[in-house]
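This document starts with one chain, in the form predicted on its own, laid out as structure tokens.
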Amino acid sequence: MTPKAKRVRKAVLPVAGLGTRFLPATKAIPKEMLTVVDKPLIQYAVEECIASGIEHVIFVTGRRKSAIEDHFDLAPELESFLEERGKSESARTVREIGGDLQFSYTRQSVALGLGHAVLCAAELVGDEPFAVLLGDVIMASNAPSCATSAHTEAPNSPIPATRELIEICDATGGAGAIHVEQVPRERLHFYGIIDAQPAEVPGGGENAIWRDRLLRVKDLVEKPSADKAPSDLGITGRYVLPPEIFDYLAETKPGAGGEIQLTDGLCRLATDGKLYATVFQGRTHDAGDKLGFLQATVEIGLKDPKLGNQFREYLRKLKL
């Protein structure tokens, strides 16, 4: 019988990066606050946390990131202004941006890699499993949730990416879980690539929608060349991790560029037999570069209930 793990209540969102690929736009504005249709990029990750049952979001920030704090803070003056002018719907939108989440902020004073950013949150996370979401990755799931899955509006509504990993963590007694997807051969060197084998569904996961996609990770390679990659499955930017990852990261020596890679900590979990992966079912938008950001804007814009039809008609008529 798989032992019951502590519940995943917290999520770490590393947002300390300088966003240099979006200069000059990010000279004074955090990359995470760039707008995809009508929401800042970071809000998509926070909304995924809410839909996944997360209660406490921990931002690992850096200098010039106060706009993120302001965005998720209360704004009673703005709400009153909107209410007085009969814009109740807009006031409600402002009020509900952060849901009922608790927000905490900690600084990564020096950019020493994703592993170091996660390690900066150790004291706030404590001795419990937690999620990590990369804020420049938007993940739109199309995998239906099972009838017993929590935090979903209907039995067959798509299960949020983070919620799926939480279910795997629960079913495995607290093992780590990551999402992966197939990566074109020419782009393997941009990803962490896994070496994995099919895994039996642990106790409690017999009816889960991820049961046929579950893999046990044996090893990981950070940004390999195509001829050295152990597979074509790359990590997407969603993780649920046990607290021992902090000990592994604290022991990790800086690698190339003086950075501490999260992949090194994941390798230790894999060696211990405590890391699973599942192939993500849905659309991943890597909005961390200009092309991915534009693609996300177009695809999400087309799905917008108010703008989608008009935008689609505009694109049909567009002649360049």
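All residue numbers are counted from 1 along the displayed sequence. As the structure is a prediction and not an experimental result, all values here were calculated from the model.
Separately, the form predicted together with a small molecule exists; it is not shown, and the next lines address it.
Proximity of residue 15 to the small molecule in the predicted bound form: non-hydrogen atoms within 4.5 Å are present.
Taking the partner from the other structure, the small molecule in the predicted bound form has a heavy atom within 4.5 Å of a heavy atom of residue 114. In the predicted bound form, the small molecule stays beyond 4.5 Å of every heavy atom belonging to residue 301. The closest heavy atom approach of residue 164 to the small molecule in the predicted bound form falls outside 4.5 Å. Comparing 267-275, 26-34, 50-58, 247-255 against the small molecule in the predicted bound form, the single stretch with non-hydrogen atoms within 4.5 angstroms of it is 26-34.
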